[in-house]
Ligand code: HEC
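Only one chain is included here, represented as structure tokens and corresponding to the form predicted on its own.
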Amino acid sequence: MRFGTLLKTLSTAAVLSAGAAATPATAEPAGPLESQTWSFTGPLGYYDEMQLQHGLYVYQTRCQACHSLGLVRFASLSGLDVSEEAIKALASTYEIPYINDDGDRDTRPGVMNDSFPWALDNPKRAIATYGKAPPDLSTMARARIGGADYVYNLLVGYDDAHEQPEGAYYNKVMKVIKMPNPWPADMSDFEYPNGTRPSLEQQARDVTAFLNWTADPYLEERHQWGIIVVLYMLALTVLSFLAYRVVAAKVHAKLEVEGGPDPEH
């Protein structure tokens, strides 16, 4: 499926409320994280564009009801090789709050320069509803120790068999957490716009990769420039060494002709 078609499908998908707000408690320290293999780690790391698009879909259907991406503009999706027309179509499906000319609060269709809006509308409403505003996910994959591994392990770490106080849930990473399990018990009918039926683990990996991209969208460019700089420095080192050998040979030959001191000493 082409990027434009996928985004148009995403734009028509309803924002499903997969649970109440995510406000992690800090009563107990995080448990051990199971290390994962990611395409974007290491000096040659890169993003899988299809995985990022799947992650965007998971964010829209599982996370957006509670969490914002306030630092991510629609225009940044062009970094996923998405056409401008498709991005505009996606942005226009969102209602962006603003203050009109009369000073009243109003909404308008989103445009390229807008950020992904928050379904909860404002922090005060979230605090009144859940006791604390759910964190913005724009930089979450870089804001936690463990990075992408932390996000993934948290998403797959729920265990409903453990009893917890009312309003709290058990998670292997964070023993007491206020965020309900975002995964419905029955996911047999859930599928990506291209027809793939992902497992819970696959959805968690895809949305984790997407959140790593939102936190570090220039990773690939940084790696490419890093390689260019290293190659440039290696070439410069080789040229400097060769230039030294040429100059040293000329000096040595001159000293031999003139009967000067041995250049080795």
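We number the residues from 1 along the sequence you see. In this text the structure is predicted, and so the values were computed from the model without any measurement.
Below: the form predicted together with the ligand, not depicted.
Checking 69-77, 179-187, 104-112, 86-94 against the ligand in the predicted bound form, the stretch whose residues place heavy atoms within 4.5 Å of it is 179-187. In the predicted bound form, no heavy atom of V82 sits within 4.5 Å of the ligand. Although the partner is absent here, G157 is not a contact residue: none of its heavy atoms lies within 4.5 angstroms of the ligand in the predicted bound form. Contact annotation: A148 falls outside 4.5 Å of the ligand in the predicted bound form, judged by heavy atom distances. Under a 4.5 angstroms non-hydrogen atom cutoff, the ligand in the predicted bound form lacks L33 among its neighbouring residues. The putative spot formed by R62, L137 and M140 is fully lined by the ligand in the predicted bound form; each residue has a non-hydrogen atom within 4.5 angstroms of it. Along 211-231, one residue reaches a heavy atom to within 4.5 Å of the ligand in the predicted bound form: L211.
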